[in-house]
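Presented as structure tokens, the chain that follows is alone, the form predicted alone.
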């Protein structure tokens, strides 16, 4: 079997990683490539897995810890996808609050598994709504230590993808890209929109043809990093819903999201990211909240019927108990108003522990002196 291309697409919570992965995987498959996907989270029951599995592609999940702290789990997932899908390309989405990926994931992949895998440039996605305040030196409605993680993700990247560009005017985008280029002159810069498809093929071309990956290491204070993750409460849950035969599950999805957004705002819990998926009769609606000021967005159709399954993933600056209370109250309000019975199938809320990487390289692993020279040069698509 030839080498499999591994594309790591990181970025902070709410950056639009899953949406871009879906679109990129679809386009790569249309080129005749065999594509696999790997999702990652601190707990199981992922909206991302539920969504991406509908692509018809092989999806593996690394849950319970991040890629860096469960490197062997990542390798097992890669081997599973290679074996079952005979994948030419595997796109992997790390936990949104994870950084130091170059030292803990990219370098060991290159040195220990370079005989089987070829790593693409480490891509980091950045949402303009948070990116602009971060460039200004602010915290983008995040705890300062969570904003520290955001900055470190950008600092270690080989490529920075400014996402959701369909929400910006051309002059706004041009100004933002100039600012990003000035702040991170060694990274490849690319504005993308998964919604319109803008530059998705260009990103694919870059990742499929280049192997200059993990060229830089960030200096990371693990005390600050650990606290930046610990300020976030995490909740993953799956609920079976039973309503009237004419229950409109898209209406329920939006109602639940809007109620939860208000709950979190009223309790001053800054939102990292909230994702929900509601499936009924083979149809799927997904929704998200990215940041406190964002309007809940719902895509797809869950249809009308008596039964549905809800998967909710919530990340917010709150204790796990506070987050659990907010989500439970929103769920109770949304189900009560529609006379829907809710039976919890799985429910877990937690606070991430201190990152303990399996490997952490102190130096960049270069395959040749020529590649070492590339690391100090700006790269372009």
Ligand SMILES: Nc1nc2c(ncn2[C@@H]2O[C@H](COP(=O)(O)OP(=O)(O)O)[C@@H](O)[C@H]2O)c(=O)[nH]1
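In this text, all values refer to a predicted model and were calculated from it rather than measured experimentally. Residue numbers count along the first chain shown, from 1.
Note that the form predicted together with this ligand isn't included here; everything after this is about it.
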| property | result |
| --- | --- |
| Segment assignment from 166-174, 302-310, 231-239, 97-105: heavy atom within 4.5 Å of this ligand in the predicted complex | 166-174 |
| Partner-contacting position among 160, 194, 261, 206 - heavy atom within 4.5 Å of this ligand in the predicted complex | 194 |
| Contact of residue 270 with this ligand in the predicted complex (heavy atom, 4.5 Å) | no |
| Contact label in the predicted complex: residue 246 to this ligand, heavy atom within 4.5 Å | no |
| Contact label in the predicted complex: residue 156 to this ligand, heavy atom within 4.5 Å | no |
| is_contact(residue 357, this ligand) in the predicted complex, heavy atom dist at most 4.5 Å | no |
| Any residue of 5-32 that, in the predicted complex, places a heavy atom within 4.5 Å of this ligand | 12, 13, 14, 15, 16, 17, 18, 19 |
